[in-house]
Ligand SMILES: Nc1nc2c(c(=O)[nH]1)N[C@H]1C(S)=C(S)[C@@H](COP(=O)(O)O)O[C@H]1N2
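The chain below stands alone and is given in structure tokens; this is the form predicted on its own.
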Amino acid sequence: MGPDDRLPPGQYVPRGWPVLHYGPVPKFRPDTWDLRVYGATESGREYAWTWPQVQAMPRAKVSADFHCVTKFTVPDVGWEGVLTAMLVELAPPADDATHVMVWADYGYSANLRMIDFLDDRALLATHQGGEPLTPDHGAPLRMVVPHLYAWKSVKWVRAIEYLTVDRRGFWEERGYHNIADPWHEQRYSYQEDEPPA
């Protein structure tokens, strides 16, 4: 398979890695930072971990292409962090939880189906390319969902909310596709009524 065969439709490989985000880069304060899981949890309670506790969680490495809705794809990005499946073991969702909302600093959010959140390559990344994430790329913690467009890979993650009913996140409320599969070019909400190609 040639390099072009692994690119989703309409994508190209850039010379570098463009940095795109909405709003300012948050200031990381490790002494007060925490990660919360709440909403439709199995126990009905909220979970929270400090930054040292997140750093102590079992870690995994994932290598995957990174697809931005603005049409660039960065091949073979190496990520390291906590698999979402591990987080769900620590904070189990209720049986009727179908989606998650991933929350970041400044109220930014993205919704995911639970099956996408629990994909075997989805993780909460702390490192990229063998180095700690930089602030521009989402440090200290970034959601990574390699099989979806990158706006679902939320930077500066602070909370995971389990949902029993889907709810649109920041870009989804502003006209982006609810699912975001790059292989079907699910870029915009007007495409949601179209059957996948």
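All residue numbers are counted from 1 along the displayed sequence. The model shown is predicted, which means the values in this text are computed figures rather than measured ones.
One more form of this protein should be noted, the form predicted together with the ligand, which is absent from this view; the next part is about it.
None of D34, D166, E46, D136 but one reaches within 4.5 angstroms of the ligand in the predicted bound form through a heavy atom, and that residue is D136. Shown alone here, A104 lies within 4.5 Å of the ligand in the predicted bound form, counting heavy atoms only.
Contact check for Y162: no non-hydrogen atom falls within 4.5 Å of the ligand in the predicted bound form. Contact between P9 and the ligand in the predicted bound form is not found at the 4.5 Å heavy atom cutoff.
Though the partner is left out of this view, V54 does not reach within 4.5 Å of the ligand in the predicted bound form, counting heavy atoms only. Applying a 4.5 Å heavy atom cutoff to the ligand in the predicted bound form picks out R142, A150, W151, S153, V154, K155, W156 from 141-162, in order along the sequence.
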